[in-house]
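What follows is a single chain, given as structure tokens, in the form predicted alone.
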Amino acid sequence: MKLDSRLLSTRLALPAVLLLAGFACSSVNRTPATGSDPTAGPMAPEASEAASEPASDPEPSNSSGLTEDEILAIPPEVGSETDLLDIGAKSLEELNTEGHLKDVQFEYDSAQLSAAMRATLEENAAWLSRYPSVSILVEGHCDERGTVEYNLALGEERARAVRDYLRDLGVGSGRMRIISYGKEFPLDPGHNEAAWRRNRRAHLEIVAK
């Protein structure tokens, strides 16, 4: 009877042991439900945000190494396309008052162009080449000495010399007209050598834009 009672107590204790073993298994940490195989090895840590995003491209630069913003910050050169005068927004009077075309001076009783005056005409031709719609009137002027007829002829020679040189520099003949005023419209009303020197000239007037 004693043996049977021990066997009975052992059988009664066995379910309790199995129940405790089940509780122990249920307390093990489990992998979150991420869709991965729970039997697989430990997952690698996620890469940082900086490493996962592709590096941004540097700002484009030209052969000089300047960025686009640095290039835009450079002031335009004088005479460049961005510096061109808006002649359409100005009147002929305004354009002529601003003095874009320089007068050409002459020696007494002469229609010959000096080296300095040729250089002046080269500057005028460069300006005219930038504004091909501009047309000019070349006026020939003289000082007060001499007859009216003589000075009208001399003034025409001076105007023609200027026109011909500008034409040789590439300014179209159709953009230029000439006229002689002789001594009728002096720039300086004085009666001395300084005034006469100023009045021996060819004046370039803008007549169309």
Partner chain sequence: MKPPRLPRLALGLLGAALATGVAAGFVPVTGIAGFAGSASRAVEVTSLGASAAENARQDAGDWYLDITRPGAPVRMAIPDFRLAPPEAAESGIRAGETDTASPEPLDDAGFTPAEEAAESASVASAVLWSDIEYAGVYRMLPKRFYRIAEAGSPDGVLDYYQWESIGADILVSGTLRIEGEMLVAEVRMHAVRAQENVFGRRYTAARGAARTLAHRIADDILQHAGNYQGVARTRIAFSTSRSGPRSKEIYLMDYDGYGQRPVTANGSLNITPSWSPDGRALSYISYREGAPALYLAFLYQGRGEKLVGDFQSFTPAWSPDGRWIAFTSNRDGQSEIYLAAVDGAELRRLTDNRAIDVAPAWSPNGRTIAFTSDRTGAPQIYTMDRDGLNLRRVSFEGSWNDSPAWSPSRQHSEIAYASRIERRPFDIVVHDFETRQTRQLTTGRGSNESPSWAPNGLHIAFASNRAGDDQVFTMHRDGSNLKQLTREGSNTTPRWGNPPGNPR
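Positions refer to the first chain, counted from 1. These numbers come from a predicted model, not from an experiment.
Another form exists, predicted together with its partner chain; not displayed. Remarks below refer to it.
J.: Any of the heavy atoms of R167 lying within 4.5 Å of its partner chain in the model of the complex?
T.: The answer is no: R167 has no heavy atom within 4.5 Å of its partner chain.
J.: Using a 4.5 Å heavy atom cut-off, state whether K183 contacts its partner chain in the model of the complex.
T.: Yes.
J.: Does G146 reach its partner chain in the model of the complex, with heavy atoms at most 4.5 Å apart?
T.: It does: once its partner chain is placed as it appears in the model of the complex, G146 has a heavy atom within 4.5 Å of it.
J.: Spell out, yes or no, whether the shortest heavy atom distance between D109 and its partner chain in the model of the complex is within 4.5 Å.
T.: Answer yes; at least one heavy atom of D109 falls within 4.5 Å of its partner chain in the model of the complex.
J.: For this chain shown on its own, do R118, A125 and V162 all sit within 4.5 Å of its partner chain in the model of the complex, going by heavy atoms?
T.: Per the other structure, none of R118, A125 and V162 touch its partner chain.
J.: For a quick check, can you give me the residues of 153-171 that have a heavy atom within 4.5 Å of its partner chain in the model of the complex?
T.: The stretch touches the partner through A153, L154, E156, E157, R160.
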